[in-house]
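Heads up, what comes next is one protein chain in two forms, each shown on its own as structure tokens, labelled structure 1 and structure 2.
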Structure 1
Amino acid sequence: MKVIALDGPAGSGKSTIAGMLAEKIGFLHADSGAIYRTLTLASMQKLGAGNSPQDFGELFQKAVLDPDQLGIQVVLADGKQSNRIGQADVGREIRTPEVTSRIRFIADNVPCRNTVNRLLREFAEQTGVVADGRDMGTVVFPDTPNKFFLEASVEVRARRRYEEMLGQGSSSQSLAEIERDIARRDQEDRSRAVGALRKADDAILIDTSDLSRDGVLSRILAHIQYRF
């Protein structure tokens, strides 16, 4: 099993870097978020979506579903990660706003996290992967020697998000509001009962605040080039 684990707080650039790194070295970017979305969609199909995310959350908490019985599969298909319910690829269906607004109930559920972690490990048995998240190096792939923790200041991450929004023609939040949101998200992620954000003791810390994407990629490649 060849795995590179990238962890870090929201906005640190880990997902973007994971995709760039995977392409550079011929690995696949293991999209853990897509698996959580697939599990969310399968739960919605089983229980109903409810009239609101909160309604769904109440349905989900009362149902006590076994996530291993929902038919979720993550397979390698045409050189890409295919997220399936049964035999059906649901790559488009999992990107809807309805799924996005309900995923938090799945992500905080211990049995669901255990299922996602198992699927990630099984996927990594099929091909080399770059996996990013909050606990890839501490929980999901603790034995990989290739662990990196990307961080950046709240101010830098907020500015990146603000500039991204402006580039998309959206300015629904001020820079100060985004900073507050990111600081709140950091606190929540670090204090979660399961899957909390934490740097693995043997992970290499990279502060991306003053680095370009290519600069971050170069630093990671410098560390792993002798291993692959």
Structure 2
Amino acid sequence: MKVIALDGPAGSGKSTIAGMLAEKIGFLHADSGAIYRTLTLASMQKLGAGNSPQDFGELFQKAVLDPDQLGIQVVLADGKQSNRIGQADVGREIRTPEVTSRIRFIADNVPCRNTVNRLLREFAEQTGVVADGRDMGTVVFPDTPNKFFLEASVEVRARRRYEEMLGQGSSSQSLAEIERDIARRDQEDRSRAVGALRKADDAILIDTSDLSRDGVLSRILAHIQYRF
């Protein structure tokens, strides 16, 4: 298997960098967060989106939903990962704050994590992958020699996310709200019992706060141990 594991907190730049890197070296960008998001949206559609996050969590646990029964499909289409519910690509719908606030109910659930991990490993059996997430280097692909952990301050990460949303038209959240949400998600992601956000001991740490995208990319390329 040829795998580059890219982990880090929300807004650290890993999705952007993973996309650029995958394109440059002809690997697939495997976005694990998108799979968690798709499972969350599919659960919301099944359980009703009007629930509070608390209700949603309880319902989810009581219903013991089987992720495989939610109708989600994560497939390779034109060399890219397509996240679908039924036949519909939900790549945009999975990025709303409503989905983000409920992801933890899925991400804390070990059978759900196992499903996501299985899908990612299936991709890696078919093609070279740049896998982006929280636990790629620690849990999903612990044997790959190419592990990177991207970091940046909460302020920098919130600003990036805010500018990304403005770039897409408008932001439904203020900069302060985004910063608060990111800090809360950091805390949840770092304290999760299984699959927590953590740098693998052998991962290379890159602080992206003062680096351009190309700067981050060239650092990673300098360390990768495959020949292309």
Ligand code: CDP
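Keep in mind that what you see is a predicted model, and the values were worked out from it rather than measured. Here, residue number means position along structure 1's sequence, counting from 1. The term rigid core refers to the most C-alpha atoms you can superpose between the two forms while keeping them within 1.5 Å.
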Compare the two displayed forms of this chain and pick out the form predicted in complex with this ligand.
2
Taking the rigid core as reference, does Ile106 move its C-alpha 2 Å or further between structures 1 and 2?
yes
Displaced residue check between structures 1 and 2: Ala34, CA, 2 Å or over, core reference
yes
I'd like the rotation angle of the smaller rigid part against the larger, computed from C-alpha superpositions between structures 1 and 2, in whole degrees.
24
So if we fit the rigid core, how much does the CA of Ala77 shift between structures 1 and 2, in Å?
4.4
